[in-house]
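Just the one chain here, laid out as structure tokens, in the form predicted on its own.
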């Protein structure tokens, strides 16, 4: 089938990351034809850089404004149109669909959630006055919803240093042999400096891998110079492709992530992590985080449950660090659980089955 995916980048890289990962999975694993129309091609192309060209060439990446039908660039009618995260389709594109002899199916691809209510709305029709069929599609952790976007599944084996991507080799050369590694990708409202200062009192050495722009964000959060003990080494990594960032997560002992894509990749890395969920004024993010933790911590010992909840809500490391070994074991079990539960192919396969 032919798929059109519309992507408007709202939250930095996350929206583009999900759309790109979905497109590559639909094409490379399921033999579908996919176009992406994106309002920020530089960001999308950065995320897609480094991927095997045989994969990238299968996906037709277009600017947002190229989506409408005109004499010079006729756009063939797709079988499926995806409004990623509820973005509004361009009016001129919709006009082309109105006159198409065979109408596509439009899917409103929602944000990932573990909340129980999504099962009631997943796959339900959204009647439109124009008559083109439209449905809600909710990615999620439960069997009866849209599944997770797992491709490509990272290796469980800790890969050797010789496989370090070229863009990261200079950063990896700075790592200390007996220091634990923590990757950091969080929003500006995180109490990161205080968190690092507390971590420094643990008696261990930590190499902190800060994603692109994170050090500048950290400096802006304080009016004084950043002075940390030698036990804490800050290393800034450059903007890297999606696959390279996935690799970083597998190489760290602990990860701090934020958007939907990195949230899933942290779980697939099989390591303890903090999901710095985007804060909303109505505090809906707290409900969303609690729903995930209910699933993630189901049947775990009370001590571990309290430690993980403390960490996820930015409790200081000294309050939960002693539980890290137990958390690490749980993270590996959770990874295996996800792979088994979504062994049907996850989100891309469930999309195809839904359309069929």
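Numbering follows the first chain given and starts at 1. As the structure is a computational prediction, the values presented were derived from the model and not from experiment.
What comes next is about the form predicted together with a small molecule, which does not appear here.
Across the proposed site, 111, 185 and 240 without exception bring a heavy atom within 4.5 Å of the small molecule in the predicted bound form. In short, of 188-196, 119-127, 96-104, 240-248 it is 240-248 that has heavy atoms within 4.5 Å of the small molecule in the predicted bound form. Proximity of residue 346 to the small molecule in the predicted bound form falls outside the 4.5 Å heavy atom cutoff. Shown alone here, residue 211 lies within 4.5 Å of the small molecule in the predicted bound form, counting heavy atoms only. Heavy atoms of residue 260 reach within 4.5 Å of the small molecule in the predicted bound form, making it an interface residue.
The closest non-hydrogen atom of residue 47 lies within 4.5 Å of the small molecule in the predicted bound form.
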